[in-house]
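Next up is one chain by itself, shown in structure tokens, the form predicted on its own.
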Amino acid sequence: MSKPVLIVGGGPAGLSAAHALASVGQSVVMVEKEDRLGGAPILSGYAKLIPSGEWARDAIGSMVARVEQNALVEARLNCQVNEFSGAPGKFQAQLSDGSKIEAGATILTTGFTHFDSINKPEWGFGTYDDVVTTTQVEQMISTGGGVRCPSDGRKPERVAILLCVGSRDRQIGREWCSKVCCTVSANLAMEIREELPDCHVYIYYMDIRTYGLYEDLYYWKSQEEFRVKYIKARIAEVTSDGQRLIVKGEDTLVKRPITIPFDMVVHAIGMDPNVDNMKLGAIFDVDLESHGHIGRGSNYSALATTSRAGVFVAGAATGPETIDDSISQGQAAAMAALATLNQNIGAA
């Protein structure tokens, strides 16, 4: 196995693929555009992960460490692929640092981009300091500073979490469910209540999608043990009365308007396609699906395939995905890449 596998992206899926390949003696070159590995959980300062409850810095940090300590994995940080050509067994990549590498197969694990709440201005983000995102609340928790109102540092007494910000919203071109937001929000609500037991936390939702085993662990637990309140509603706007934020909308169960004050409003932001996907699609000559994620072939015929032979894909690059499933897909993509290498060795 003389030629390495090129892995583009150093998040959970890429780390998983690199570890799987190195474990069977296959060399890897990992290209990461940021200055460190770990992807969104590390770069965005996630707190406790679902469903393990482990801190992101520990769980994903351990994945980073085992890759960095493996002599078969070469990580190129602050680096991108500028040009890509060739065929399975003999790909060539030109990197932004001026170097060229040859690879037997390639795995794209380029992840996603968090939805920018500026694109939902009627819900107050960018206008009011105390309208924040789930990612910002995760950072408050993971850094040990605690959940505080950014405007003045006070502990909030009332928090509203608004679901589906940047998901399931045709008006702003986001016609997909981001899969993890409901569960993440329920988990954050419990963490807020654990830290601030006198704080009232409300979750405003269209539907709740704590799918699979998450229903009991997060949806029901957050209500029954942590007294988080769920309100089925359509939110019209978030304004301010000069002292508190005001959430306005309609309670869709009782069919009446609501106007409720809060100290902090949290946007449960969705998962957008990676902002670089158009560029990545052109460089690697792979198709994108209709919403702009990297297109993935049928799992029933071949794992982790793209429209180009020898180029595979895993994780949230293909659409909204959990961290655990991204890790599993990274391992599957590693197996697919190995199969391609073996086929080309046999052919040679």
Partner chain sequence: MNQASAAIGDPLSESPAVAREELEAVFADIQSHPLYDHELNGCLNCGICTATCPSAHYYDYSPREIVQLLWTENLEGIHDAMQEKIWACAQCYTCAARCPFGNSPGGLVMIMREAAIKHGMESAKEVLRPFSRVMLKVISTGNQLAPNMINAEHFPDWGPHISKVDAPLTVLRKAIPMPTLHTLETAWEVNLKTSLELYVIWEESGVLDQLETMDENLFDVITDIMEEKRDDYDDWLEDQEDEDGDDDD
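Positions refer to the first chain, counted from 1. Note that the coordinates shown come from a computational prediction; the quantities given were computed from them, not determined experimentally.
As for the form predicted together with the partner chain, it is not shown, yet the points below apply to it.
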Which pick from 75, 265, 103, 235 sits with a heavy atom within 4.5 Å of the partner chain in the predicted bound form?
235
Have a look at 261, 257, 212, 153 for me and say which one sits with a heavy atom within 4.5 Å of the partner chain in the predicted bound form.
257
Is there a non-hydrogen atom of residue 206 within 4.5 angstroms of a non-hydrogen atom of the partner chain in the predicted bound form?
yes
Can you tell me whether residue 157 touches the partner chain? I mean in the predicted bound form, with a 4.5 angstroms heavy atom cut-off.
no
Is there any non-hydrogen atom of residue 248 lying within 4.5 Å of the partner chain in the predicted bound form?
yes
Is the gap between residue 200 and the partner chain in the predicted bound form 4.5 Å or less for some heavy atom pair?
no
Partner-proximal stretch of 95-103, 67-75, 80-88, 166-174 relative to the partner chain in the predicted bound form, 4.5 angstroms, heavy atom
166-174
Between 38-75 and the partner chain in the predicted bound form, list the residues on our side with a heavy atom within 4.5 Å.
none
